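Have a look below at one chain only, the form predicted on its own, in structure tokens format.
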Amino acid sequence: MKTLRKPIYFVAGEYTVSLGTGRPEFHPKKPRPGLEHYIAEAGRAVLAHLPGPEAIDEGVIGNFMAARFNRQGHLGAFLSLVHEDLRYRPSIRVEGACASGGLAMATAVKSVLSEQADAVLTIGVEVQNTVKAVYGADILAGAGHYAGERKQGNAHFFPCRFSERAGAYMDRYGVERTWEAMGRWYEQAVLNARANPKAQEHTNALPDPFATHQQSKPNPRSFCDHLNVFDCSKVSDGGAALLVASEEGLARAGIAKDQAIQLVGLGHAVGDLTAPPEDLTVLDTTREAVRRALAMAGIDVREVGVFEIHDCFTITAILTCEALGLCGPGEGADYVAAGNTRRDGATPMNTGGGLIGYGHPTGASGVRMAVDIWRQLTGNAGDYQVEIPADRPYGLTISMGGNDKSVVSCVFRRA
């Protein structure tokens, strides 16, 4: 197993409000911020931690579908919106569906490892509330094999894909226990989002989110066979950013190591986009990316104290618990229902709300996950801070694109 040839640090992470339905300031018929706003806001928030733009060598922007949602390509050339002095710095945009943010971070890491840069401003961004949801679903279907799958797919393409996974899991392991676990994950997402002022579900005032989920049975005539709307991450606009740096980059930024987290494991795995999943109840690409990240870090998953996983749907969280190796096949539902993934549970996950609670501005999600891990491991997560046990000092992220086709997993510890 290859290891990182020099220490790599993540620091100065920030993200914007996840704007969309559920936020009191969101109104579908009123003008809203665009890509330029979120790139500038997230990037400038990182810059506020630094002595100035001279601390930044390069930029990477992760984004999935701006060319269709916003009719805008060439996002790398927006870096100077963060600060005019960043004009002429190298900057690129990377894409890998909902893993675009994770791939932006991996790209920044490789740039630092190659010694072409010591500090890379890494930004993830997406603005999706530009079209009606059903049209947005068609755009997002580009994360799958559009030519081979779209014509046979439901109008709500990706919810349908993961509904199929939920149905297969229910058939194999039991309907009621799976449905209960999906409801508990939704409840967890809402409770965590209430502790995060920037979360899309922050003001969700449902008196009993679990009961609300359980009572809203799937309706295949209007949506999907095995998911309801509460099982889904929402359409979101937002941005996230952080600095990826070498020791030299940290020093130039004037940031002490103990305020950074160190990347100790990186796993990147890609499946065959044209092929359907071999087993709908298994996230095999996620499992492989996590295996690689843990192997590079030289640790076992039981040494991880906090997780940020890609819960695009509630069933994905259940399957991810199994892909992580925290429980065996068919045990993920019981693992979630038992409360293990709550902030006070054995393996806290998505402490600031995750994709369902915070929101899912697709290109930003992978970066936002790393920001929340940075906050947790440095003790700066505010109302959603969890205790990081001394014998489990690591944080782990999973950034997944498509139907488990592109996955980036990172393992961190406090520097």
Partner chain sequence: MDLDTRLQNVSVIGAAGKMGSGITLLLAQEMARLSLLPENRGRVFRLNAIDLDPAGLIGLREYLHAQATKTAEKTIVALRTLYADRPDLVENGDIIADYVRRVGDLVWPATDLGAARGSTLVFEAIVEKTGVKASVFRQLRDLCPEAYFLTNTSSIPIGEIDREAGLGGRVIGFHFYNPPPVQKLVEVIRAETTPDELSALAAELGRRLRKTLIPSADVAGFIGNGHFIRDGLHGLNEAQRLSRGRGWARGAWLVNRVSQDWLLRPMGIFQLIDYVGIDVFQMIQIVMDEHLDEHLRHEVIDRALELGVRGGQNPDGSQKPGFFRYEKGRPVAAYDLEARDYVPIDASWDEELGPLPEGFRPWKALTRAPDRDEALAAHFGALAGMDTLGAQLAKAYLARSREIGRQLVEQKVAASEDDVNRVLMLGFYHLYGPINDYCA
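For clarity, every value in this text was computed on a predicted model and none was experimentally measured. Positions refer to the first chain, counted from 1.
The same protein also has a form predicted together with its partner chain, omitted here; what follows describes it.
- Checking Asn154, Thr107, Gln214, Thr130 against its partner chain in the predicted bound form, a heavy atom within 4.5 Å turns up for just one residue: Asn154.
- Arg150 is the sole member of Arg150, Arg172, Arg87, His74 with a non-hydrogen atom lying within 4.5 angstroms of its partner chain in the predicted bound form.
- The stretch among 116-124, 244-252, 229-237, 130-138 whose residues place heavy atoms within 4.5 Å of its partner chain in the predicted bound form is 130-138.
- Although the partner is absent here, Phe210 lies well away from its partner chain in the predicted bound form, with no heavy atom inside 4.5 Å.
- At least one heavy atom of Pro220 is located within 4.5 Å of its partner chain in the predicted bound form.
- Taking non-hydrogen atoms only, His49 never approaches its partner chain to within 4.5 angstroms in the predicted bound form.
- At the 4.5 Å threshold, heavy atoms of Arg32 stay clear of its partner chain in the predicted bound form, well away from it.
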